[in-house]
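Only one chain is shown below, in structure tokens, and it's the form predicted alone.
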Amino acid sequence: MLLIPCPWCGPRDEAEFHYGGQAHVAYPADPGALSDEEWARYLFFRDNPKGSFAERWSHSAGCRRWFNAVRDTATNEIHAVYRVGEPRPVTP
């Protein structure tokens, strides 16, 4: 069982959350000006590192808020959680 610490509710079971993908992906300034290839890159291409990775999570069975987490993809250890709009914390 993975405990995910919600910034508002505290640690909760992973079953209460939904994964939202990579964090800090900026929406294109002018999406209508993008080529099909550029739009596809925005929609489908994401980093997939082994190690520390910033992700978006939704506490769907709790407060229903979105937040970011820095998780090690190799060990599943969560190094930090922070609210959307806050800068990514420095982690090991």
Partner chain sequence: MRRESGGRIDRTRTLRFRFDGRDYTGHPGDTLASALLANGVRQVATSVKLGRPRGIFAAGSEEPSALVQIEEPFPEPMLTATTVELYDGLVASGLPGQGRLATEPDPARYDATHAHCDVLVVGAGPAGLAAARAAARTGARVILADEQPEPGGHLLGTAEQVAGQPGTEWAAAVAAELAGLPEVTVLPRTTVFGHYDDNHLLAVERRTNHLGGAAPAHVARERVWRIRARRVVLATGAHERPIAFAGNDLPGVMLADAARTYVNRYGVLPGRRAVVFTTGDSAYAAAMDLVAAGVKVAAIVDVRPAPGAGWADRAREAGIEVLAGHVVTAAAGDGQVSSVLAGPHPETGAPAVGERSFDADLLLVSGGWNPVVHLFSQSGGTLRYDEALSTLVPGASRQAVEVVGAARGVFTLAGCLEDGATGGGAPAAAQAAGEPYWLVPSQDYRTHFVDLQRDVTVADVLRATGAGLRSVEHVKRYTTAGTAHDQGKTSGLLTTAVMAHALGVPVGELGATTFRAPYTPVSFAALAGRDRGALHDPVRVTALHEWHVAHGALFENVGQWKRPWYYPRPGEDMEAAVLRECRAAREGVAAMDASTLGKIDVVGPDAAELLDRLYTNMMSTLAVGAIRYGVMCRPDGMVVDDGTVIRLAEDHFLVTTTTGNAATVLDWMEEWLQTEWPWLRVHLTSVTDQWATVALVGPGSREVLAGLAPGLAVSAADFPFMTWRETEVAGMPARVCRISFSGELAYEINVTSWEGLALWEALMDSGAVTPYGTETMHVLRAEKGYPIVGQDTDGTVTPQDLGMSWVVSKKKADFIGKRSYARADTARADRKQLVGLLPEDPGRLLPEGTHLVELSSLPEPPVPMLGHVTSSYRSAALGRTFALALVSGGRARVGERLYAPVGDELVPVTVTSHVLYDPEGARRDG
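Quantities reported herein were computed from a predicted structural model and do not represent experimental measurements. Residue numbers count along the first chain shown, from 1. Take the two forms, superpose them, and find the largest set of C-alpha atoms that agree within 1.5 Å; that set is the rigid core.
Below: the form predicted in complex with the partner chain, not depicted.
- Across the proposed site, 1, 18 and 60 without exception bring a heavy atom within 4.5 Å of the partner chain in the model of the complex.
- Mapping the unseen interface onto this chain, residue 53 falls outside it, with no heavy atom inside 4.5 Å of the partner chain in the model of the complex.
- A residue is said to contact a partner when one of its heavy atoms sits within 4.5 Å of a partner heavy atom; residue 49 fails this definition for the partner chain in the model of the complex, lying far away.
- The partner chain is not shown here, and in the model of the complex it never comes within 4.5 Å of any heavy atom of residue 73.
- Contacts to the partner chain in the model of the complex (heavy atom within 4.5 Å) from stretch 8 to 37: 13, 18, 25, 26, 27, 31, 32, 34, 35, 36.
- For residue 48, a C-alpha deviation below 2 angstroms is recorded between the shown form and the other one after rigid-core alignment.
- With the core held fixed, residue 34 shows a CA shift of 2 Å or greater between the shown form and the other one.
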